[in-house]
Ligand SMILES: Cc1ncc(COP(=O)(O)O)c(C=O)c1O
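Just the one chain here, laid out as structure tokens, in the form predicted on its own.
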Amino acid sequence: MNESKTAIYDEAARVWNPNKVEVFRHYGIDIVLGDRHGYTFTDADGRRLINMHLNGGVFNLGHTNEEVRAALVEGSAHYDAGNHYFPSPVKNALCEELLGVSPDYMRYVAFNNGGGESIDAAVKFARRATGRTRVITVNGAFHGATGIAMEAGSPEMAAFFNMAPDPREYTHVAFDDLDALGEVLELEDTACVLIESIPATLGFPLPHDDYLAGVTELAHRHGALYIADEVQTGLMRSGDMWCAIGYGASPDMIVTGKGLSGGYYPMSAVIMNERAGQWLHEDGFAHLSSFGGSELGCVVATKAVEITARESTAANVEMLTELYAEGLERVRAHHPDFFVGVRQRGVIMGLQTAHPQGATALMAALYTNGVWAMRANFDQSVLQWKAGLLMDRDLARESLEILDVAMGEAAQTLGAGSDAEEISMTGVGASR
């Protein structure tokens, strides 16, 4: 390994995150990002890698997207963070852009810095609107690492920081199970149902076609609000601007982030209807964030949404959806005993292996062959496979060729009936 890279990891183990360094070194993964552009980056030792992780969708539009960068550079000549107390034309412009790509009944937008912070905010808004406290989420969900978001996610992750959720306030039910959801809602004390439209850290299990529409109906029947966590599945990744809307749902709030940043400036938002946003008429100072709605961030995010909403972008996503659907089936046919299933909606893809640690071995094999992808930490038999919205046909085909090779290597590494050694990657895999 390149000495400078070794030195970077050694120092990181001292001053940044010892466990992450230990885990990645254990798997032979020692990435230090160098030059980057589009959907590839060069490691510090000069190796080129295709990015099929995208930081969970942060790089939806690719690394160093030229249009987004131009907006950032030009905007920085006129704007800084601004002042969170006051309106501005660029804040209004981003609100209008987000409302314009959302259902007609949406009325307001509240800005924050990251997805977890916006999940916290959305739950607060729901509790204010309903006068209730219970939050229903699904088993295996991950909504962020902030306070409410962590309590609403994996109880084990929350317990690590002594934040085990109060069962009177947080209830987890099985994903894609309307009967289980309905039983809890019948208690008539639920403020909101909070669901990732396709749970990322669980390995992208796909809901039945009527599930999210059913969530809407049940929540509203029992006086609760429905929050669609679209931090990872939104912004055209499913083939629709918002995944839940594509499934026929009508959420009261949509939470977006990651790709809203354009890969440059941390931004997230809660898009909400009149009921969810009623607090804005009562006390508009009740929810504050010094950098939420940063004016420079709004300039960047507006450009990111504008690019995402283009017809050409939707057409490219459709092309990639078809290309990967066909290509993944070909790869699966080559490795039928190991690669046993594909979960796909748009460019959201989970690749299911037959081994409980199959995605761990596959992640390492992909890295050695020139692709960075990440396992699903709550189901480590599944690899998250994330294509970017603007990826071209040739790069997508190259990623499939490498996947085919890596599948064979991973299957051989594990062998029939063998067990891959497991090290906790809570701090990595759970970050989507």
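Note that residue numbering follows the sequence shown and begins at 1. Remember, it's a predicted structure, so these values are computed and weren't measured experimentally.
The protein also exists as the form predicted together with this ligand; that form is not presented, and the subsequent description refers to it.
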**Prompt:** Which of these stretches, 226 to 234, 324 to 332, 121 to 129, 85 to 93, has heavy atoms within 4.5 Å of this ligand in the predicted bound form?
**Reply:** 226 to 234
**Asked** Are any of the heavy atoms in G115 no more than 4.5 Å from a heavy atom of this ligand in the predicted bound form?
**Response** yes
**Message:** Test of understanding: in the predicted bound form, would G144 fall inside 4.5 Å of this ligand by heavy atoms?
**Reply:** yes
**Request:** Indicate whether this ligand has at least one heavy atom within 4.5 Å of a heavy atom of K303 in the predicted bound form.
**Result:** no
**Request:** Find out whether any non-hydrogen atom of R134 is located within 4.5 angstroms of this ligand in the predicted bound form, and reply yes or no.
**Result:** no
**Request:** Could you list the residues in 276 to 308 that come within 4.5 Å of this ligand in the predicted bound form, counting only heavy atoms and keeping sequence order?
**Result:** none
